[in-house]
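Take a look at this single chain, the form predicted on its own, given in structure tokens.
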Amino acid sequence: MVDASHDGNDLITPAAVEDVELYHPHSWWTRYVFSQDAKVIAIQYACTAIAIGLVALVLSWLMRIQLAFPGVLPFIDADRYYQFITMHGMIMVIYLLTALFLGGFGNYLIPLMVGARDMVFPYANMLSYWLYLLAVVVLVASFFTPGGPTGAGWTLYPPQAILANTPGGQQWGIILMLVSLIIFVIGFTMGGLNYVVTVLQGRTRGMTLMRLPLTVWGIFTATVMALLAFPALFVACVMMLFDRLAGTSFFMPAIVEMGEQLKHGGGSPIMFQHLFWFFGHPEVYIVALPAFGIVSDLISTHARKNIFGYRMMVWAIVIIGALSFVVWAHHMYVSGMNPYFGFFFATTTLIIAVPTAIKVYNWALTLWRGNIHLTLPMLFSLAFIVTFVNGGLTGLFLGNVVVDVPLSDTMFVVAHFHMVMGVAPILVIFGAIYHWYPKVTGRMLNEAMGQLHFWITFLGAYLIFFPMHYVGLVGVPRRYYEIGETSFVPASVHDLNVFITVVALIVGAAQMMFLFNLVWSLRHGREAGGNPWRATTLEWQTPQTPPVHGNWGKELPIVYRWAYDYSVPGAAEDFIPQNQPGTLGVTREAVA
């Protein structure tokens, strides 16, 4: 083992280029609406994502009510139910989680954490948000078109996605969905290139790559992955749009519908599945890697202890990102594939668990003998670790071909997917908001409301999705509008459906309290000061809180150490900021 130093003035090089003057707003419109300030753009992303996320929440309520109390809401017929499934899934995965982690946290934190005044391309950054907003508007518009939104399922599998008997298949629903996704990818590409170039070229003096906080590493790696994965979704949407509007047959085989031979022929539905999941599985880690980075920073800060194995954590993030591109077909076991391919993808699925497990071990070792403060960010971080481990364990079942095939179309998959891709990252989002809200607003969120919000959300999520695993194991299929008196479904399933629905309504209502807390604390929250968590990273060292346009005043900060000097023996306080010079500090880690 060798020691790799994170400190020392030998890493402080002269500025390569002169400081560039920013565009300064001249009116309310250019300050708050058409803003080029990454912090304002981040808040725009977050507010838009939360707003469309509330739509997805209401859709989930309606689906649960239908499953628990069939027919109690007369307007929910089979078509509406499948439309709700489709829109709920797509909104949550793409328009909420991706946009919030990369567009929201990425825009706010990257310039501040790397010591930059703003993103490298502020105008393109502004355009990326407005294209995202346009994508959301186009998506929502499908609710108001004849036939409503598409009901093809959130994976949009052809051929049924564009057939007449699928809701929205031969009307505007599927068209608007595909156009919205195309616009989203274009907008994200503009923002994503900004994040990558800012991390690589916009860092302040002394901020080497191995001094970056893990939050930046997570967002950076996820962005690179998205720039490589989203083109597959983009071309799949364009090709299906041609199939729907121009009569091409990229994905449409020869098919008879209602006794009529359609004009399509020779297309491959399986090719769409490959394109979709080549995007779809990296998308899991496009959401998870920023969450991993954020949790690492929250745990280190609120346990008052340096992160264990920093370099190992960085390489685990990079390796997870790389491996996520060679596991996509484990979503396609039931599509039929050569057994050797099944073996390959099952093996890579198990291998990717290794760097993920390394991160879990390092979080546990960071907590070990730390001065743990059970603040709201720490509670949500601990809840995330437990939830992600639980979801990962059920993923081991589904990564195995012979187990996945009988479970693939059951509620077991719904439970697993929501624990890993729904509950876990949303817990991180809540923890991150409680942590950085004081930086954004200068005020603390209400602690009592936050505690109530945490316990209802955390316990409620388990009361929803743990029983759902059992429902799947007894064979209850997913995407069924109504179970009815099916012979193989025991009575306990109907009781559990009622229980799950009641808990889901309560957990959803708790999120309204969280939103109220966000608004109420803007005026009535306790003043936070510049660094309420006594954190080391640069965003907490700005001259003003909230930071002004340009972030740093006249002089950019100079970084002298890594981001995790907590509880350093001999130090005057239990943290040493990154921009504080000196040699005092445990700023070395063991690397292989």
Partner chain sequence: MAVVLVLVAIAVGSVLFHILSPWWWTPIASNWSYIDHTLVITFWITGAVFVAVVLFLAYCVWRFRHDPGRRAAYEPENRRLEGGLAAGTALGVVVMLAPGLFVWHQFITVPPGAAQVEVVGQQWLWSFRLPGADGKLGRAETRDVSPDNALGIDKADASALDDIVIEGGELHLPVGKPVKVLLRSIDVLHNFYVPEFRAKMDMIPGMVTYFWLTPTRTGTFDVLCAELCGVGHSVMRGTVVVDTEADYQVWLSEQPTFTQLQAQAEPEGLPVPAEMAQAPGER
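Numbering follows the first chain given and starts at 1. Remember, it's a predicted structure, so these values are computed and weren't measured experimentally.
Note that the form predicted together with its partner chain isn't included here; everything after this is about it.
Stretch 403-411 is the answer when you ask which of 509-517, 286-294, 236-244, 403-411 has residues with heavy atoms within 4.5 Å of its partner chain in the predicted complex. Within this chain, M449 is remote from the site of its partner chain in the predicted complex, having no heavy atom within 4.5 Å. Taking non-hydrogen atoms only, V502 never approaches its partner chain to within 4.5 angstroms in the predicted complex. Using a 4.5 angstroms limit between non-hydrogen atoms, P158 touches its partner chain in the predicted complex.
Under a 4.5 angstroms non-hydrogen atom cutoff, its partner chain in the predicted complex lacks G71 among its neighbouring residues. If you check its partner chain in the predicted complex, you find a heavy atom from every one of A303, Y310 and A571 within 4.5 Å. For the residues M87, A229, A152, L212, the 4.5 Å heavy atom test against its partner chain in the predicted complex is passed only by A152. Only one of the listed residues (F417, F121, Y470, F325) places a non-hydrogen atom within 4.5 angstroms of its partner chain in the predicted complex, and that residue is Y470.
Within 4.5 angstroms of its partner chain in the predicted complex, the stretch 495-527 places a non-hydrogen atom from L496 alone.
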